[in-house]
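The chain below stands alone and is given in structure tokens; this is the form predicted on its own.
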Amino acid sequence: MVLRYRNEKVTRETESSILNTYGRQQISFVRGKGCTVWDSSGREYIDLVAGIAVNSLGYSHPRLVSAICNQANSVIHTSNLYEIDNQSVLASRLAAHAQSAGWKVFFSNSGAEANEAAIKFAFKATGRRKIVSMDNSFHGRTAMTLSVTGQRKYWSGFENLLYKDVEWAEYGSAESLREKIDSDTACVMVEPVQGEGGVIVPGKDYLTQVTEMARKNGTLVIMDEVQTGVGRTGRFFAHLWEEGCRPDIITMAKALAGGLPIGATLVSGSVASAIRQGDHGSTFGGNPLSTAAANAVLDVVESSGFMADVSRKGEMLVSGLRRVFEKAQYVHEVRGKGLMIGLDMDSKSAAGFKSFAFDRGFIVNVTHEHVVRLVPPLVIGVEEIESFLSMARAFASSYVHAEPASGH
């Protein structure tokens, strides 16, 4: 039985009780299967946002649903005062994706928490307090992760909360980073692809240069894989596209449990050796339900050919969009890696594309005000991609542009 609570009367009477932190669209999705969702009126949409890169297996995936239901029927929560079998299995599986032995995992409930833990662990392991982060980055909304988020718009009204010992390097520039790292630097925080910053892919070998430069100074590298991890780019971690990239700490969340809250902070053996009981904790982190879901997600993502298929479908989307918009002056660039794609337009065109797509049953997202971000479920099908590209062609042929292409 599907319960549909939301209607106009319910919306009017209850929306005022929700704190006004989101600019919500007045639509509620009540059911989903694969990459398709249905709203409360019965209209269907192909979802290319996936809960902001969270619903890695789409909706109602049988393996994920079975794992969640079976675990809920057994035990949902016990706390980290006791052994949690699902958690131990998941930790071993995640550590196996690191490039060396001895890695350990701390579980939390979100990407911000995973990054917060990473910074604490870096401080503890190095005895240092300076952080170098990147312009245009996004690492979370807690006081510390906001402090290392390189987009000033998120700071407004909270400047007094910000941690002061942070320096900023230009993303993608090894030279800029070289000028910032010194013997006082505890850690460098970097995303292998900037997500909220507009799907920015750095140049060849940049991530390798970051880790090599940091290591020369005894500085740790925190690789923020919250949005890119779990196969999003066609590798389990996006930094694995560079064999020479060797971070000391890796953070992840979003897609890991296919929709249930979870965060994970992976630390190398040398960092792990500095952490003692009581240094950090989480009531709900790594609970039996979320870790059962995450293990089910890994069963699918780690299966033969799955991530190669993600790369293939990503290339299909990127090349298709480039053909569609090759003569469109209002499109600056189509970029991305795997199924993490940015269609860089001016802000008016991006808003117009989002509205045009939605009216035709496609859900997309605009980030950084001018980049249409596509982060669909990793299980999206070729026919669904072709349908989306057909819609994009219709937009390109009908859209009347009245703003210069450089108007970001």
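Each residue number is its position in the shown sequence, starting from 1. Not measured: the values here are computed from a predicted model.
Although it is not shown, the form predicted together with a small molecule is what the next lines describe.
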Practice task
Would you point out which of 117-125, 69-77, 155-163, 139-147 contains residues with a non-hydrogen atom within 4.5 Å of the small molecule in the predicted bound form?
Solution key: 139-147
Exercise for the section: Using a 4.5 Å heavy atom cut-off, state whether residue 135 contacts the small molecule in the predicted bound form. Expected result: no
Exercise for the section: Could you confirm whether residue 239 comes within 4.5 Å of the small molecule in the predicted bound form, counting heavy atoms only? Expected result: no
Practice task
Would you please decide whether residue 254 lies within 4.5 angstroms of the small molecule in the predicted bound form, comparing each non-hydrogen atom pair?
Solution key: yes
Exercise for the section: Classify residue 112 as contacting or not contacting the small molecule in the predicted bound form by the rule of any non-hydrogen atom within 4.5 angstroms, answering yes or no. Expected result: yes
Practice task
Sort through 292, 222, 267, 226 and report the residue having a heavy atom within 4.5 Å of the small molecule in the predicted bound form.
Solution key: 226
